[in-house]
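Take a look at this single chain, the form predicted on its own, given in structure tokens.
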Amino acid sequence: MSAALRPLPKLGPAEILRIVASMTVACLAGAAMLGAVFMATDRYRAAAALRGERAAIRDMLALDSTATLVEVKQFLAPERRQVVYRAAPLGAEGAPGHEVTFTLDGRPAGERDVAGGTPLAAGLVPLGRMFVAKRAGVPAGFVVEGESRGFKKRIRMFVALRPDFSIADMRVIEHEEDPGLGAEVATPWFRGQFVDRSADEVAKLDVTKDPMPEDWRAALLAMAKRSPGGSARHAALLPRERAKPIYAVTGATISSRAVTDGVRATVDHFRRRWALLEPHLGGLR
């Protein structure tokens, strides 16, 4: 009988236990190493993401070093049928904040000052965040986190608003749309279509498959590249375009509509929420 056809030797119980023990130790060692690497790098990743987020917010609102940012986290308390808002200075770890609670129909249900690091009540469901920029105690703008269902999964976005609720900027911060198609909704030329539209204009926004006019495309690209005269060309064409829908990315109407619906809902929800929150959080620095 050839060596290739020779039957394998039978393993005894002791040998099987030795092999199982060796594999278990190897798996545990590998898991421990992966866990250690994750723990060592995750805090740096989180810190880098936080720095990038702060920089994006300041850039979207064109804020200088004199402006301060307040982060407002929103939570749902399902059992109590309430919405909880907790506000604190962005980036000031352990700083005291303020907490405001409303019923689902918008009636105040209590508020309190909270010390830095005070844990949230159990059972709260996160509903998103908003950021209030202030300069000399006066609101200088807002950045609101929103999301919508895209072609594949959710699309998350930041919508920057001026004090009059017109759009200062919009950025897609997370998506899994197809490269070259739905992913184009994250490009500057697409999001530039929302810039400078008023809240009332945004409330009426729809999407069209019609081809984008070449002069409008050129203006959006010039503004995105921050080339000389780009913003002026955008502003000159905006009166014509603000009455028109958002031009969809070719072959990605679902993604284009998802972002447009998300921006519209985000602006609408924030206007109503800020009307409730301003008397309670307007003085927070």
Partner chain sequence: MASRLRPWMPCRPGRPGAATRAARTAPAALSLAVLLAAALAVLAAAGVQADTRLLSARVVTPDRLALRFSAPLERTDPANFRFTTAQAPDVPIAVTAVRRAAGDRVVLTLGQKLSGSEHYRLEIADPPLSRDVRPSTWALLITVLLSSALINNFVFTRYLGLCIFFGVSKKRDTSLGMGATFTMVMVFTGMVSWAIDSFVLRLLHLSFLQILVFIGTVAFVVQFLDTMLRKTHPGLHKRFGIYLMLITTNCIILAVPLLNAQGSAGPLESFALALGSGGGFALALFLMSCARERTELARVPAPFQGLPIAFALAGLFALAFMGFSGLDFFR
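Treat the numbers as computed from the prediction; the structure is a model and nothing was measured. Residue numbers count along the first chain shown, from 1.
There is another form of this protein, the form predicted together with the partner chain, and it is not shown here; the text below is about that form.
Residue-level contacts in the model of the complex: of Asp164, Asp105, Glu79, Glu214, one residue has a heavy atom within 4.5 Å of the partner chain, and it is Asp105.
For the options Leu127, Ala203, Ala95, Ala121, the residue carrying a heavy atom within 4.5 angstroms of the partner chain in the model of the complex is Leu127. In the model of the complex, the partner chain sits within 4.5 Å of a heavy atom belonging to Asp178.
In the model of the complex, the partner chain lies farther than 4.5 Å from every heavy atom of Gly229. At a distance threshold of 4.5 angstroms between non-hydrogen atoms, Val83 is in contact with the partner chain in the model of the complex. Within 4.5 Å of some heavy atom of the partner chain in the model of the complex lies at least one heavy atom of Gln74.
Of the candidate stretches 193-201, 132-140, 149-157, 109-117, only 149-157 contains residues with a heavy atom within 4.5 Å of the partner chain in the model of the complex.
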